[in-house]
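The form predicted on its own is given below as one chain in structure tokens.
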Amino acid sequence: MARQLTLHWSPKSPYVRKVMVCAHELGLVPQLELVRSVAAMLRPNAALMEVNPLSKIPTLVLPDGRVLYDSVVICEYLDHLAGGTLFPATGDARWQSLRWHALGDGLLDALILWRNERERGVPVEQLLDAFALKADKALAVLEHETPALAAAPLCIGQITVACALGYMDYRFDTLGWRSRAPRLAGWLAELSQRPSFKATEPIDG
């Protein structure tokens, strides 16, 4: 029997969701011990910092005590562990997948900073406008590339893009992004029917 992996986890984190989607797709969920961990930006988690000095989730503790972070490193480790194909090994497929991953992760970074700024007592309007512009431009690129996203085998790139869009729905439901990216919205709706995405929808509580 495989030894247990310990994942510091939260059901709200889109970065954790990325890892959990991969774990579901790879059949590794039974090997994960999920430890609910709060990693607020302004309140470092002392217990979490014992294994990750950055106090960030997801953090994966291996059976031998080694620790992996951040999300993409954990996802690639899980893919390697399971002998999966979520990270294409060579050629154009690899670079396309990693590029989509970078775009999805960058969109997530911008969205989280945007949310933090808008919740300040006196947000800086110039920053809010900059984050909104970045999100809009990212959506335009993804809308243009939707046929390629749909045609490619499932990989870390599509998973990350979908998690970013899911976070946008969760925290920015008033944006109405689907009207500006209808093909992308259709692609997300279809991908979201996979059990891995259904099982990892962000929840409060």
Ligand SMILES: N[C@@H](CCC(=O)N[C@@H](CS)C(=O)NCC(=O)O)C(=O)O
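What you see is a predicted model, and the numbers here were worked out from it, not measured in a lab. A residue's number is simply how far along the shown sequence it sits, counting from 1.
Beyond what is shown, the protein has a form predicted in complex with this ligand; the following relates to that form.
Per the 4.5 Å heavy atom criterion, this ligand in the predicted complex is contacted by stretch 64-72, the sole one of 64-72, 145-153, 172-180, 25-33. Of the heavy atoms in Ala46, none are within 4.5 Å of this ligand in the predicted complex. Heavy atoms of Ala39 reach within 4.5 Å of this ligand in the predicted complex, making it an interface residue.
In the predicted complex, no heavy atom of Leu165 sits within 4.5 Å of this ligand. Heavy atoms of Asp79 never reach within 4.5 Å of this ligand in the predicted complex, leaving it off the interface. Contact with this ligand in the predicted complex, judged by any heavy atom within 4.5 Å, is made by just one of Ile112, Leu98, Leu86, Ala135: Ile112.
Of the residues in 24-62, those that come within 4.5 Å of this ligand in the predicted complex through at least one heavy atom are, in sequence order, Ala39, Ala40, Met41, Leu54, Ser55, Lys56, Ile57, Pro58.
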